[in-house]
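Below sits a lone chain in C-alpha cells, taken as the form predicted alone.
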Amino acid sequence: MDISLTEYKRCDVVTVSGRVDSSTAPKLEEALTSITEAGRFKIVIDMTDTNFVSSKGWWTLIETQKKCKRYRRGEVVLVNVMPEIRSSLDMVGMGSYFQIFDDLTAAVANF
C-alpha cells in the first residue's frame, strides 16, 4: 500500500493505493492521525487505486471519522470507491457513514 498526502486550503487529500488490510492499516492510521493531531479535520480519502479494504481498514477510517465529526469540526469523505469496495462497506452497514463522491474536485469542493 502506498499513501500520499496533499494539503489544500480547504482540506487534506489522502491518496491510498493498493490493499488496506491488517498489515497496512497501521500505516494509514499513522497518516490520518498526523493530520488530525495537526488540527485539520476535513479529509478526503482518494481510493482510485485502492483494490481492497479489510475490516481493520474500515475501522481505521471509522475511528478517524469519529474524531473529525466530534464537535462538528469536519468529516472524512471518500472518492472514487470501486463498486466491490462500496458493496463491502454497505454489507457491514456503514454505507451511509461516509459521503462518497465520484470526482475528486467535487469531494474537495464539499468543504
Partner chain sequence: MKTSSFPGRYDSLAKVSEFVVNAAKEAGLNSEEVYAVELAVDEACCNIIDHAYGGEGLGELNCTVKVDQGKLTVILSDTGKAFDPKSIPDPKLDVPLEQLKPRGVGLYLMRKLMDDINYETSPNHGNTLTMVKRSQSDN
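A quick note: this is a predicted structure, and the numbers were derived from the prediction, not measured. Numbering follows the first chain given and starts at 1.
Absent from the display: the form predicted together with the partner chain. The rest refers to it.
Contact check for I85: a non-hydrogen atom falls within 4.5 Å of the partner chain in the predicted complex. None of the heavy atoms of T33 is located within 4.5 Å of the partner chain in the predicted complex. In the predicted complex, the partner chain stays beyond 4.5 Å of every heavy atom belonging to F101. The closest heavy atom approach of I62 to the partner chain in the predicted complex falls within 4.5 Å.
Heavy atoms closer than or equal to 4.5 Å to the partner chain in the predicted complex belong, across 4-27, to the residues R19, D21, S22, S23, ordered by sequence position.
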